[in-house]
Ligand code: NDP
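The chain that follows stands alone, in the form predicted alone, written as structure tokens.
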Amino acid sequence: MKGIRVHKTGGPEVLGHEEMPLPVPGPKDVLIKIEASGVNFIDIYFRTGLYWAPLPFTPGHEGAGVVEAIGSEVKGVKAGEAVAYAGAMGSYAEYAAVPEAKVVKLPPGVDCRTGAAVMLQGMTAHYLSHSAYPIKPGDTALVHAAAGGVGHLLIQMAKKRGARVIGTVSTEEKADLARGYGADEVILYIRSDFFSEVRRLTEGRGVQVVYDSVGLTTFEGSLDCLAPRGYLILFGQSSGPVPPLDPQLLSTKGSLFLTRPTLWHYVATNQELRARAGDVLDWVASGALRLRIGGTFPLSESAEAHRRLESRGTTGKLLMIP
């Protein structure tokens, strides 16, 4: 089979398109013929070496396809079923062997491309809005990168929970997209200082929660946007990691809360993963959650997919198709 291998960390050029052996599923694994793989910033973090993995490795933490074979102890799925998964590395390939505990069946009305596009970012938006800071009716939430893969889903979930949503974006096109997904206010941060605009839009009160996937360039402003006892949920660092912080700063700015969560701690059990994925996939199937696929690439163009994502000029979700 063909797949992507990384033999040394670095830029997009280290993504090699190679012949690889077909994975052999273990007793608790499912062999999936991949129809689509999600492209995510976590893949870039592993490719660059920011996150560690033993070399060589095949990137990709999210995919969907049809079950080709199952291990001897697998009980919940069978050959021929359409499934999706997140949280097992190796989806940049034609086949992947995935632990059954990471796999969910796709409901009627959700195809494999949609399943691959929504698993990781959909469950991320779910835990952010439902668990890391459970949004309450009447809250105001600030969502950075509001037209991005997580952002456009997070807007919809925050609105579903009764929040007023302020989004930040870089272009008028992205502003229109964010509004289309339900953002009440959108700030073009290349034209306006988002801190000043948030203070103006909230009449100086600030917001109850900031969802920040950008990191370095937004971090200080995000803290300043919070109302007293507000929450800064830092869940990514597309502009770079933030510098060290003196915790006393959180006190002086209003007894603030800061957390740096990761999805894997919020789907730590199979029961929790299936509950979050079930909500997300059911909402997509019913039309209650709208998904934007911003581009597709063949596996051989994985380097270009990474360049596009790193440019922060994309909207919605990027997929690779074996």
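All values derive from a computational prediction rather than experimental measurement. Don't overthink the numbering: it's just position in the shown sequence, from 1.
The form predicted together with the named molecule is left out here; the points below concern that form.
The single contact residue among I166, I135, V98, V169, judged by any heavy atom lying within 4.5 Å of the named molecule in the predicted bound form, is V169.
The partner is absent here, but in the predicted bound form a heavy atom of Y127, alone among Y181, Y127, F219, Y231, sits within 4.5 Å of the named molecule. Across the proposed site, K33, Y92 and F297 without exception lack any heavy atom within 4.5 Å of the named molecule in the predicted bound form. The named molecule in the predicted bound form is approached by Q121, whose closest heavy atom lies within 4.5 angstroms of it.
Put simply, L281 is far from the named molecule in the predicted bound form: not one heavy atom of it is within 4.5 Å. In the predicted bound form, the named molecule sits within 4.5 Å of a heavy atom of V214. The named molecule is not drawn, but in the predicted bound form it has no heavy atom within 4.5 Å of A303. Note that among 84-92, 169-177, 198-206, 98-106, the stretch whose heavy atoms approach the named molecule to within 4.5 Å in the predicted bound form is 169-177. With contact defined as any non-hydrogen atom lying within 4.5 angstroms of the named molecule in the predicted bound form, the contacting residues in 148-165 are G148, G149, V150, given in sequence order.
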